[in-house]
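Let's start with one chain on its own, the form predicted on its own, as structure tokens.
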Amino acid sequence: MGVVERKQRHKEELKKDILAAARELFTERGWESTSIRNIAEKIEYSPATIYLYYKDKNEIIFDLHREGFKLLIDYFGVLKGVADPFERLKAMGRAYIRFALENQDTYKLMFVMEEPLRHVESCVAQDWNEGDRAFDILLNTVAECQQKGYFKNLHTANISFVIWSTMHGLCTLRTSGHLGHVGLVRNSGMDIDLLLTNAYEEFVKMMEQLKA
């Protein structure tokens, strides 16, 4: 490997370190309580090094959102080979749950924490289509389901939003710990992840009823 290649690899690895440190600090301390200096200290570099890559925290959180949606698209991408659209839709729901549980800090930054989202919105002038692409995968799958007789007489975008909202609610309850409180209150003794799985499967049964 030549000098140029080594420098490029180091640059890419350092950028990954910056994003990983920022993700952890944002979720632990909150947006306002995390500074560029905090991020630099965590990766044992000077703040000046961070500014070689990002001009401020807005750009960092923007990149974290982009990376998060790219990862979510990857989770959906492995399901392209599922020919039946309703089976694919069900698998997408399970993939979404897996994404949320396996990447909880990223999920919270993307969908739960309000402060980072406000700063992402300040960067909308930049090229950022990952979020649209992720929703379009759901939208197109629902449209295919409608061609097969599901969700007849329902607006494609609206029912897609209902599906995403339901999945978001289940995953947020799980990642925030509130689902555990529900289990305790009901005194069911059920494993939390089993409770999440059962709730999702009941939702699937409801969707199955929406077929002409």
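This is a predicted model, so every value here is computed, not measured. A residue's number is simply how far along the shown sequence it sits, counting from 1.
The protein also exists as the form predicted together with the DNA; that form is not presented, and the subsequent description refers to it.
Screening Thr27, Thr172, Gln146, Ser35 for any heavy atom within 4.5 Å of the DNA in the predicted bound form leaves a single hit, Ser35. Of the residues given (Asn158, Ser176, Ser46, Ser165), Ser46 alone sits with a heavy atom within 4.5 Å of the DNA in the predicted bound form.
In the predicted bound form, the DNA sits beyond 4.5 Å of every heavy atom of Ile192. Shown alone here, Lys211 lies farther than 4.5 Å from the DNA in the predicted bound form, counting heavy atoms only. In the predicted bound form, Lys7 approaches the DNA with a heavy atom inside 4.5 Å. At least one heavy atom of Lys57 is located within 4.5 Å of the DNA in the predicted bound form.
Annotated contacts: Lys11, Leu14 and Tyr53 all touch the DNA in the predicted bound form [non-hydrogen atom within 4.5 angstroms]. Annotation: His10/Leu71 CA-CA distance longer in the predicted bound form than in the displayed model, change of at least 3 Å.
CA of Lys15 to CA of Thr106: farther apart by 3 Å or more in the predicted bound form than in the shown form.
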